[in-house]
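Next comes just one chain, in structure tokens: the form predicted alone.
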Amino acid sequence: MAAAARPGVEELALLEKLLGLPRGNKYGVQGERKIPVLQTNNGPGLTGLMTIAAHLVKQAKKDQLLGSTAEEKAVVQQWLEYRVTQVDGGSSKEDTTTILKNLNIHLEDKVYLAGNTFTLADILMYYGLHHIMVDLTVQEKEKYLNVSRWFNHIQHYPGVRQHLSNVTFIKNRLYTNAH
């Protein structure tokens, strides 16, 4: 996947800006899988997209993005883990199809990944799926209607999209059964 060259580092910079944090964090990557690393002033660096993202959220004092109840926190954590293990790990067309199918089912009766609240899971999943959604055909977007609805909603959430390209979704269905 093309965008997977430095998936974490660019996203962490976007997240920093979204959270209103001052720039200046030093990010690097480690190992073959290019795992993001944050160099901290005091002590050892932080490693891993989820760890650094959660740290940034706490730094910005926006803990509600990590979930408010124990259950919500667990669901946010679960989706962050899914993001790192499945979305970042998947590279084949089959992997992408499985991810979109799973998400489509999950989002059937939800506005956001963790239920009715916008969380870090939505932000990082949006960033992780952006390069996939850009390449979907109109038919594929219609096939994964719940994912498309969620994605479109998140991309219009204040401050999330930033410089990423806007993914277009057709608003009204085309009727083929002409009278």
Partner chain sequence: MRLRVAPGGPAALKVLAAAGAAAAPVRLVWGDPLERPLASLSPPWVPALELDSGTVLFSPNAICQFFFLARGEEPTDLTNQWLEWEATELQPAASAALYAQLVHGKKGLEAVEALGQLLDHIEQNLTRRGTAYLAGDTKSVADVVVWGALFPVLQDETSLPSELQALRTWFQNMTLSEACRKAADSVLMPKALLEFKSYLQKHPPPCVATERATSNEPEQEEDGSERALTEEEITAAVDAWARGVAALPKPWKPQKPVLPVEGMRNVLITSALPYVNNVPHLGNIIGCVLSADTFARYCRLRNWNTLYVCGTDEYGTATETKAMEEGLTPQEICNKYNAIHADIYRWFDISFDYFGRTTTPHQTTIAQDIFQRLLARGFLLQDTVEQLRCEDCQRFLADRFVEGVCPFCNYEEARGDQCDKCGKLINAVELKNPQCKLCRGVPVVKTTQHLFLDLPKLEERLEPWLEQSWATGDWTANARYITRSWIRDGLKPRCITRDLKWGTPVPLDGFQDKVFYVWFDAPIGYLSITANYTDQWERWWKNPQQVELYNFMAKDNVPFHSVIFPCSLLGADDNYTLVNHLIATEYLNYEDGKFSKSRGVGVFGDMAKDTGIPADIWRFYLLYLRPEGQDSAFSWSDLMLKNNSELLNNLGNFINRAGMFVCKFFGGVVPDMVLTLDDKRLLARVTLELRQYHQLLEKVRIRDALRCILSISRHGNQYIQVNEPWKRIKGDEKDRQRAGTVTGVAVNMASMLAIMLQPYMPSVSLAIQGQLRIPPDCFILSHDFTCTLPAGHCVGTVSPLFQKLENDQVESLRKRFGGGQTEDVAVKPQAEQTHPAPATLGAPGDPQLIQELTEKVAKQGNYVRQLKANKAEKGEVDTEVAKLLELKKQLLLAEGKSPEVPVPKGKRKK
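The structure displayed is predicted, hence computed values, not measured ones. Positions refer to the first chain, counted from 1.
One more form of this protein exists, namely the form predicted in complex with its partner chain; it is left out here, but the text below deals with it.
Its partner chain is not drawn, but in the model of the complex it has a heavy atom within 4.5 Å of E32.
When its partner chain is considered in the model of the complex, G28 lies well away from it, no heavy atom lying within 4.5 Å. The closest non-hydrogen atom of N146 lies beyond 4.5 Å of its partner chain in the model of the complex. Although the partner is absent here, N152 is not a contact residue: none of its heavy atoms lies within 4.5 angstroms of its partner chain in the model of the complex. Residues of 74 to 101 that come within 4.5 Å of its partner chain in the model of the complex, judged by any heavy atom, are A74, V75, Q77, Q78, W79, E81, Y82, V84, T85, D88, G89 in sequence order.
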